[in-house]
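What follows is a single chain, given as structure tokens, in the form predicted on its own.
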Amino acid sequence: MAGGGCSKDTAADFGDQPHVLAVDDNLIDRKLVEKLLRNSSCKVTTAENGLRALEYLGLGNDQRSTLEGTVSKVNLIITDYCMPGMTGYELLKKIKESSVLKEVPVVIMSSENSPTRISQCLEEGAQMFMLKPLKQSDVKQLKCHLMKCRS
């Protein structure tokens, strides 16, 4: 398969409602992101940490082989950078290592505007790096990017 962009083979067909996995250890931030995404007509699943996100995606420790050869449940993953246990950067690396999930766009959010952190995430395959708190305009930009990715 050719690299770059998303393809219909790797992302579930989501019609007009993209399915987004939002990962953040802070309940208020998680609820805000969920509300903004729902306002933009996205289906949202939330996870409070990287390990829960991996379990949902089928990459938990006991799920290694079950996912291979299937399509991803989500069209986009948006994750906080700073989380206990597993950072958003570590989650990004795990997703990009998966043959099934590597095509799913990952967006990293952080309240810290660190150029080193931003370039590190983008080099590892993040689609975008957004500063918190997210605004509705950020989500519109994200959704627009996702729709372009689809075509």
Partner chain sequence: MDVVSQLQRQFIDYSASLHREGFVDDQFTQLQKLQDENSPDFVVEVASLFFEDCEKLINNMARALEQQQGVDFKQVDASVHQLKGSSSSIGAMRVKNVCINFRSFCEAQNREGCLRCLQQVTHEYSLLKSKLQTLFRMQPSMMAVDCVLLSLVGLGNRSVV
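Positions refer to the first chain, counted from 1. This structure is a prediction, so every number in the text was calculated from the model and none was measured.
Heads up, the form predicted in complex with the partner chain isn't pictured, but that's what we're talking about next.
Among the residues Ser114, Thr45, Gln120, Asn39, the one placing a heavy atom within 4.5 Å of the partner chain in the predicted bound form is Asn39. Note on the partner interface in the predicted bound form: the residue among Leu54, Val100, Met86, Leu32 having a heavy atom within 4.5 angstroms of the partner chain is Leu32. With the partner chain left out of view, the stretch that reaches within 4.5 Å of it through heavy atoms in the predicted bound form is, among 120-128, 46-54, 23-31, 89-97, 23-31. Proximity of Gln17 to the partner chain in the predicted bound form: non-hydrogen atoms within 4.5 Å are absent; the residue sits far from the partner. Though the partner is left out of this view, Gln136 does reach within 4.5 Å of the partner chain in the predicted bound form, counting heavy atoms only.
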